[in-house]
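Just one chain follows, in the form predicted alone, and it is written as structure tokens.
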């Protein structure tokens, strides 16, 4: 009898989860801009993965020079023209999609791994623990994120790995503050009090009851921050602190084209458009997810 009742309860909960997932999917896919953004992101990921197979000139995409065809304007032979080293810009843009995606996804994942648990612990325990964590957080938040990242990369040395470390160091406090606010609002809820009365360990309560309720705001913030991380990484490469030549990276390509913008405008323009479109796509998806995951926006 008990087994049958448990199975019935599981089926009810499973069906409720499926119904909610279907409803959320309908809400998301009704947002045309969110769908467009999702398509752009999926296409960009596919292009990055298949770069060696779809780039017209794979060797030039990886950095090989072709000085005989320097500064070629866009044509049927080179759809986006060539740069100051004679490299096909379309191939460079295709290969350049890899680094922003790797940096943004990796950095955002590490930020969440660091910031979310710290925020949950600080908000749940309160008192001295909260004071220590939030004062450390305030120290990092006192500086503009990009300026702090530039400082760390300048200290560590220019490279893609150091760019990722610098962005993580300067970005994690935002998630700690976000989740801390959620934890403070939840720690006195009846179901948390009930779990505490039953003797459930504090870390288990944080893991099972506090952090899952921060899932929605964190996912929305992650989606929006991926675009911001792409911009930050491109900015660091633009000023010479990120990817180094001959690596194909959009920010570096814009930097290489800035000296020729009046005569050979195409050298940096297409990389800039790629950044603009991809960041806009993540913002569209983030707005769509906010409509789905934020209960205040549901009608």
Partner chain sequence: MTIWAYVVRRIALAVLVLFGVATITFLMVRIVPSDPAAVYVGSNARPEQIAQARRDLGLDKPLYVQYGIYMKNLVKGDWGDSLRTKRPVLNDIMHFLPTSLELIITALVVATIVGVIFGVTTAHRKGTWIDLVMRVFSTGGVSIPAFWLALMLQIAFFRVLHLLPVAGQSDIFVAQAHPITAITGMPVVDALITGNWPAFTDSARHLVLPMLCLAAYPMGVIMRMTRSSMLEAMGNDYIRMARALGVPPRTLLYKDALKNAFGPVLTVIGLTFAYSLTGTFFVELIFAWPGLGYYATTSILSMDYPAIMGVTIMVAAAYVLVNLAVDLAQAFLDPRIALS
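Positions refer to the first chain, counted from 1. Please read these numbers as outputs of a predicted model, since none were measured by experiment.
There is another form of the same protein, the form predicted together with its partner chain; it is not shown, and what comes next is about it.
> Does its partner chain come within 4.5 Å of a heavy atom in each of 131, 265 and 276 in the model of the complex?
Yes, each of 131, 265 and 276 comes within 4.5 Å of its partner chain in the model of the complex.
> So in the model of the complex, does any heavy atom of residue 139 sit within 4.5 Å of its partner chain?
Taking the distances in the model of the complex, the answer for residue 139 is yes, it comes within 4.5 Å of its partner chain.
> Does residue 31 reach its partner chain in the model of the complex if we count a contact as any heavy atom within 4.5 Å?
Because a heavy atom of residue 31 falls inside 4.5 Å of its partner chain in the model of the complex, the answer is yes.
> Even though the partner isn't displayed, in the model of the complex is residue 155 close enough to its partner chain, meaning a heavy atom within 4.5 Å?
Result yes; residue 155 sits at the interface with its partner chain in the model of the complex.
> Give a yes or no for residue 144: in the model of the complex, does one of its heavy atoms lie within 4.5 Å of a heavy atom belonging to its partner chain?
Contact with its partner chain, yes.
> Just to confirm, with a 4.5 Å cut-off on non-hydrogen atoms, which of 43, 49, 54, 239 contacts its partner chain in the model of the complex?
Only one option qualifies, and that one is 239.
> Sort through 204 to 212, 94 to 102, 145 to 153, 190 to 198 and report the only stretch with a non-hydrogen atom within 4.5 Å of its partner chain in the model of the complex.
Contact criterion met by 145 to 153 only.
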